[in-house]
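Below sits a lone chain in C-alpha cells, taken as the form predicted on its own.
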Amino acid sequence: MSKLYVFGIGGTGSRVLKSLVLLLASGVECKMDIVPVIIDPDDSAADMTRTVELMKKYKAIRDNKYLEFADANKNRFFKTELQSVDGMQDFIFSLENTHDGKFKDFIKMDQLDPSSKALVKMLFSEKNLESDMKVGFKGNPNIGSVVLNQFADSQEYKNFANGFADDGKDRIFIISSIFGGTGASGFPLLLKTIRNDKNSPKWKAISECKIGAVTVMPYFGVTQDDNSEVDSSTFISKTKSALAYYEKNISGNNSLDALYYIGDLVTASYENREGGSGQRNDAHFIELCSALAVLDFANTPNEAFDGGTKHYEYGLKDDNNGNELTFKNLCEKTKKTIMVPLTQFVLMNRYLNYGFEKGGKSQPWAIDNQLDDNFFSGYFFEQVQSFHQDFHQWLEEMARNKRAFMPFDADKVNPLFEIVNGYKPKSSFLGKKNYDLFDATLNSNWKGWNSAASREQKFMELFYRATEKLVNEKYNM
C-alpha cells in the first residue's frame, strides 16, 4: 500500500498525531499506510513522550504475528499500518546540537568576527541568544528557522528519502501550529527542503508528490508569567505575520497541494510551561479536527488536488450550548467518518473495564476460543488494555477542555448503551441488557469464522463483530 509520511512538528504536531493514532485504532478508514515523523527539539516534552508510547503500543498490537487483515476478516480495529522510517528511533527526527547549550552556542557566536557578531545582535535579542534550546524554541520562530536548517543534511532525512516510492503514490503531510516557535518555523523550512533539495535521494519523486498540511491557529492560551519566554498575547500577531508569509510563499507559489486551516475563538488556558516533562496539555477537539484533515488528505484521490493549492476550513453546527459539543454538532461527513468506529471502540472499552470483571473469562466466547488465563495475562492483552486506558483518558481530557468535546459519557458504567450523548438506545428484543447483552452478542454463532486464526485475531474479531452488531441494533447512526 502507498505511504503517507506525516511530519508532526512541535508540541501541536505530537498532540495531533496522538488523535490520529486513536482514530485509526478505532477503525476509522485510511486508504494509505501512515509513517509518523516527529520533529521537536524538546526531547523530554511530555506530550511527545505520550504520543510515542501510544504509537509503540499500536505497533505492538498490530504486529503481523497477532493480527491479519485479509478479506475474510471483518475486524477494522488497528487496521491501518503504522510504519517507521528506517533507522529512526521511536518515530523521532533527531535534531543535532539542541539537547544542551544556548542558542548562541549553537551558532558558535564566540567564533564570529566583530562585524558578524554585530549583525547577529541586530537579528536576535539578548534573551534569544541566551535561550536554552533543550526545551525547544519557546515561541521564537526566528530561532527555529536557524536551527531547523539542518533538515536536508541529516541522516534521518536521507533515510526518509530513500524509502520514498518512485511510483508517484506516496505522499507527505505536515502538521504544525502557526503561533509558536517550532511549528511556525519548521513547516516552511521542511516544505522548502522537500520541494527544492535536488541533492536528496529520490528528489524527483519527492518534489513532485502530493503534499498537504494543516496549520493550526491559536486554540489555547497560557497564563502570564514574566519569567517565561512564552507569551500568549503575541499569538495573534504571530499568526497574522505567518499567514501573510504563507499566502506569498506557500499558497502563492503552489508549493503545497492542500492546506487545511483550523483554529478556535473559544480558547482554553493552560499553565505556562516552556517545555520538558511539565508541558502536558489535555487533549483538545481542535487536535481531533486536525487529525481528520490528515485522513481527508489520505482518502482523497490525486486528481482532486490538481490545479493549484486547495484550501480547506473546518466548520461546526453550533447551537445554544456551543462550548459543549457532541456528535450532533458535527457535519454529516465527519459523523459518517468517526461516529460508528468511535462508538464501537468505546463499547469495547467499557466491556474491558467493567464487563470483563464480571466473568468474561468464563463466557463461551472465551472458553471456545482458548482465551484462557495465559492469554489474558499475556503481552498482547496487556498492550490492548493499556491502549484502551490511553483512549479513555483522551476522551476524558477532551470532555473537560474548552471547548469541550463530549460525544460520550465516558465514565458511565450502567446503563451501558446510554453512553452516547444525544442518542437514545433502542430496547433489546432478547430481554437482555447492558453487559449481559454484550456477552450474548459475543457468544453469537458468527458466520465465516476462521477457526484456525490466532487467539489474538479471534479476540479482536469477536469484539469488532459484536460492537458492530450492537451499534447497528441500538442506535440510528
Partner chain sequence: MDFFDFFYRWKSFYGAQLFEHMRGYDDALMDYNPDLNQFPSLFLWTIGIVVIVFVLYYYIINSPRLAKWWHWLISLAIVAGLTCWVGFRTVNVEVRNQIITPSLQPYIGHNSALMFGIYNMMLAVLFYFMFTLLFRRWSRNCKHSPWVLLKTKLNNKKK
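Here the structure is a predicted model, which is why all the values come from computation and not from measurement. Positions refer to the first chain, counted from 1.
From this point on, the text means the form predicted in complex with its partner chain, which you will not see here.
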Would its partner chain be touched by all three of 355, 358 and 440 in the model of the complex, meaning a heavy atom each within 4.5 Å? yes
Hey, in the model of the complex, is residue 323 touching its partner chain, heavy atoms inside 4.5 Å? no
Tell me, yes or no, whether residue 414 is in contact with its partner chain in the model of the complex, where a contact means a heavy atom of each within 4.5 Å. no
Does residue 313 reach its partner chain in the model of the complex if we count a contact as any heavy atom within 4.5 Å? no
Flag residue 363 as yes or no: does it have a non-hydrogen atom within 4.5 angstroms of any non-hydrogen atom of its partner chain in the model of the complex? yes
Heavy atoms within 4.5 Å of its partner chain in the model of the complex: which of the stretches 365-373, 211-219, 379-387, 193-201 has them? 365-373
Since exactly one of 423, 435, 69, 66 fits, which has a heavy atom within 4.5 Å of its partner chain in the model of the complex? 435
